[in-house]
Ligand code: ADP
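Here you get one chain, nothing else, as structure tokens; it is the form predicted on its own.
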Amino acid sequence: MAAPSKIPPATLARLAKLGIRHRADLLLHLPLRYEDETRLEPIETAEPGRTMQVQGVITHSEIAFRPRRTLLCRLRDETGELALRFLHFYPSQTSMLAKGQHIRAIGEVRMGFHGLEMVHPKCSKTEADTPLKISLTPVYPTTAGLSQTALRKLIANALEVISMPEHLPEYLRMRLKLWDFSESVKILHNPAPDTPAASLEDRSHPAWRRIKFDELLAQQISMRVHHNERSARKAHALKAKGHFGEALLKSLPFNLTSAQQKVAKEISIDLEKPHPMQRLLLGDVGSGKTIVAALAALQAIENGYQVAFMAPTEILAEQHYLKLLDWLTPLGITPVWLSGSLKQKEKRLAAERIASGETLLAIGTHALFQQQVGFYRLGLVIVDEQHKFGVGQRLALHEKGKEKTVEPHQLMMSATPIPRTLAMSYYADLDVSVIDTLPPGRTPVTTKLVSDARREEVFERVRSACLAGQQAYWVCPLIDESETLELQSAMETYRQLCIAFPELRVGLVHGRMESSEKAHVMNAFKAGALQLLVATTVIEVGVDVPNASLMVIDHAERMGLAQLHQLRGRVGRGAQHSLCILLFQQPLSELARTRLKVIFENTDGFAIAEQDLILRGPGELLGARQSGVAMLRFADINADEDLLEHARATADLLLRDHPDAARGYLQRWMAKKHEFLHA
């Protein structure tokens, strides 16, 4: 076996930007695509859109200004001539591409001003007998200062010096009809010329399937290990005494649905255990998650432990605070409110009450995990819309409750339903409870798609609804006017509607308002003092006004499916028929058209989430773009659902019967990432 070549420090720094920190990581830095340098094609066969390799003599070479400095060349073989054009070039390239030089060029053919051309093809000096490459040429993800040539050399050296043991037992590999791991890696880095290009591009080749299976298997093993480790850690056992819970339920003007009762029982049983609960509570918009969370909080409180209840926006956090204040004050429990908008003195007093243990329930935004906030005896952490917080933020709050070896229980809630494949892949380490029915009295919301050209008709619909005693929302995506996006801003729409509807009481709420001002407007709307509320998407979650039965969403084409579904859930909370009008502006992109069609045809949050996963991928649904969750690099949880099913079953089998193999998978694929998948 060859000796490893020394890698210069500057190259190591560039590799680190690609997530390559060990030589073995190079083996799994797999190609994005391939170039076929194994054959030459006659220039006469060139067609626009084709990537091909040609060889010939430079018959013309000049630096022209058309209008910018450009290197223009013409390459001729026995069958024809092709233009080569370079917008960025070095003196060495000018020399290599001088008239009379023999050149081999590979690139995509386009139709230019003067016929067929290649723009920035890869060129090399050659002779008539220069041999062709014997395998397809890989093209890797790279970063500034790290050339494809340098990467290929590093990877070639790694393939020579590093062994790739097979961690999957042979009988399992044969049963699953998977290729050998080492052979798969080598083929993907150096595919033979006769390898079907399409199967490499769409990653359906057996070598790709093996790599994707191993990646999914490592992820599943990591999840199982995380779940098992949690079972070994300690938490305070919070016994279900039930006094506070029973008193709260008796005071409510409604009964829990069977789905709410079921998930409340699951959570209660978890809280009684001496190891930390880590449960995800899923429920569609308006399904009644807050009362379930309140019952969990009361179970901790009646055992003398504190509860931290965190939400991502001030409006949502304040809605929770006001609701729980109303429910729990008669029980002698007064929550404390903590948010970034409080004055310094108010923050300090709230932090003191939390640190001393005087208050057993703290509700707020990300202000709860600031360094100056400490808990006296934290037993339960409740995180609403958990995917909107980064892993670091969730960890910060979680760490506040650690009493050396004892951790708080954790309940995460989301009104964004998790598609089955996403739950199987990224939430396999969590216990999941689902509220799958809506409380009685919720009326279905009719959705209509209306072009912006009919804005005046929508104005009249809003006027007639409000004069008939109903209330309405008008949602805008921006606060101030934007010259670049040319969207209707909340400010401008508010001014327009005040002029258009002098007979109506119109309010405005947006994220830049002071907290007290926002609360004043929202309370006025809830009390019926305002008939029409113009708002930005700050009302996406946490707003409950039963008399509001009409919503207009301006520029709906610019919003995501989950956001549209959340916004639509603000209406339909009372007895009267409700309507959501999605105002869109032409022309629509294909993606926007697809999104609007999905939201128009579906009211089921899970069906919408499935479509959202297909359109956007798992990153945004998980909040992973902000949180640093270790995303899958090669597998696609939609396209590779069959591999995911096999990986789930195999993970359990390896952990039970082949623990050394399971450790090998974690070492190869996860390194130190798996601990942070679900903070």
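Quantities reported herein were computed from a predicted structural model and do not represent experimental measurements. All residue numbers are counted from 1 along the displayed sequence.
Heads up, the form predicted in complex with the named molecule isn't pictured, but that's what we're talking about next.
Taken together, the three residues Leu256, Asp284 and Arg573 all lie with some non-hydrogen atom within 4.5 angstroms of the named molecule in the predicted complex. For the chain shown alone, Lys122 is not a contact residue for the named molecule in the predicted complex, no non-hydrogen atom being within 4.5 angstroms.
Remark: Arg209 does not count among the residues lining the named molecule in the predicted complex, judged by a heavy atom distance of 4.5 Å or less. Put simply, Lys323 is close to the named molecule in the predicted complex: some heavy atom of it is within 4.5 Å. The shortest heavy atom separation between Gly288 and the named molecule in the predicted complex is within 4.5 Å.
Exactly one listed residue, out of Glu492, Asp180, Glu346, Asp544, brings a non-hydrogen atom to within 4.5 Å of the named molecule in the predicted complex: Asp544. Of the candidates Gly528, Pro439, Gly374, Gly511, Pro439 is the one whose heavy atoms come within 4.5 Å of the named molecule in the predicted complex; the others do not. Stretch-level contact check against the named molecule in the predicted complex with heavy atoms at 4.5 Å: of 185-193, 172-180, 247-255, 142-150, the positive one is 247-255.
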